[in-house]
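The form predicted alone is given below as one chain in structure tokens.
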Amino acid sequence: MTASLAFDQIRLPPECDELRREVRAFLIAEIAAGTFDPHHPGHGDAHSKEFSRRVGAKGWIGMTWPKKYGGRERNFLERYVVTEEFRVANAPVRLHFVADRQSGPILIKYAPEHVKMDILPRICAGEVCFAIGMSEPGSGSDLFAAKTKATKTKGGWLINGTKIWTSNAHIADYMLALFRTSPPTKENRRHGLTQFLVDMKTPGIKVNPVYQLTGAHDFNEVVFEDAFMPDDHVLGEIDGAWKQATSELAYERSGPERFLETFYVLSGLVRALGDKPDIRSAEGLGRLVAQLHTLRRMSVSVNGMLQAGKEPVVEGSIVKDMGTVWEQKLPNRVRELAAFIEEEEGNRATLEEQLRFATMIAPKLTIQGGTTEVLRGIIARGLGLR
């Protein structure tokens, strides 16, 4: 397959401006109420049941989904605005975000109707957390090397194996996971994987924490030992989940969260520099803002393709690759630009705290959601280069 790249110039429609004002007003009220501190690093990866429920009550979770499942049938560009504003504000969205971004759309496409009617409205209400079970020890982001096995048994499947780097698993109600139901073939190493909806309360599932350098607990190892999955938790085609997985990754890899995770150090730099930065700092800041604007335009374009019903897997992979490399390098570049700010300046202390945290989490940014190496392989294949 050979794909041509298409980052069409898409402008956010007028309804997005009105929605942006509404979201900002909501976030200002939440900050004033003490729900979260927009300048405190790590809050964007925090979870708050109460906050997620209030977001759900505003209709901002599952907002593109059919109304019969609790959605609002709004467009992807409106959803983009909500995601962007929440990420820039460093709001605690972890509990509902994965379910909103990718798990819900997969359920809408492939789950039985009774499962949709049960789970999707609860996602929209901000009551349900999802994890994604793809990576495994020894295979990293190579989805097609997965070995965790699903064996057919009466009324369902028994799962045995291990998933790794599983964000949210320790707080998740459900997981969408890829398990091996048949061996790969010589002709097609993608063959033999099936996607399952996993109830995390199922006996035989053990979640072990994987801590980051900051001490934060985001990642996990998930071990399955004869965990039973009923037949109605199979999603889509048995042995053909690779088609579904690549479609899912377009949702996962294209959003503004892929270049805004360390945004707080950029806004911290702006505050620390003040309204009269020197020429060196102003030039460096201008370059960073121009780069950020370019990434944003690319991401908006991909979301426009999603709105049009397309599956921009290659374009989404490019956004994720370039975006995560940029946000990974951002703390070091900000540190360089802040080198000559006077130590006694009030905002310098906050910036130093932000830089320490962002530097320690930086290694994960080009791992989560697909490593840089795997992404570039997908891009090369999509362009017919391999």
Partner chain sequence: MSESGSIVAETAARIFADLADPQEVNRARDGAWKGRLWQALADAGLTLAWVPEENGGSGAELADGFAILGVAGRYAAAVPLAETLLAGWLLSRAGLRAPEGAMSLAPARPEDRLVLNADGTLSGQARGVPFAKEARHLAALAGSSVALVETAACRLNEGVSLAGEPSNTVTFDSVKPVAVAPAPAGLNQPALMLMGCVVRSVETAGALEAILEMTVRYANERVAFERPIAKFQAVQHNLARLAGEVSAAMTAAYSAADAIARADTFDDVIFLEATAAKIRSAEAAQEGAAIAHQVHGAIGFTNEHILHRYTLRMLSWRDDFGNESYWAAALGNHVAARGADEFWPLVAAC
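Positions refer to the first chain, counted from 1. These numbers were taken from a predicted model, which means no experiment stands behind them.
From this point on, the text means the form predicted in complex with the partner chain, which you will not see here.
Only one segment in the set 273-281, 172-180, 194-202, 112-120 has residues whose heavy atoms sit within 4.5 Å of the partner chain in the predicted complex; it is 273-281. In the predicted complex, residue 322 approaches the partner chain with a heavy atom inside 4.5 Å. The partner chain is not shown here, and in the predicted complex it never comes within 4.5 Å of any heavy atom of residue 243. Under a 4.5 angstroms non-hydrogen atom cutoff, the partner chain in the predicted complex has residue 267 among its neighbouring residues. Taking the partner from elsewhere, residue 286 is found to have a heavy atom lying within 4.5 Å of the partner chain in the predicted complex. Taking the partner from elsewhere, no residue among 45, 217 and 310 has a non-hydrogen atom within 4.5 angstroms of the partner chain in the predicted complex. Checked against the partner chain in the predicted complex, the candidates 306, 125, 292, 235 yield a single residue with a heavy atom inside 4.5 Å, and that residue is 292. Site annotation in the predicted complex: the residue of 351, 318, 55, 337 reaching within 4.5 Å of the partner chain with a heavy atom is 318. Contact annotation for 14-33: residues with any non-hydrogen atom within 4.5 angstroms of the partner chain in the predicted complex are 20, 24, listed in sequence order.
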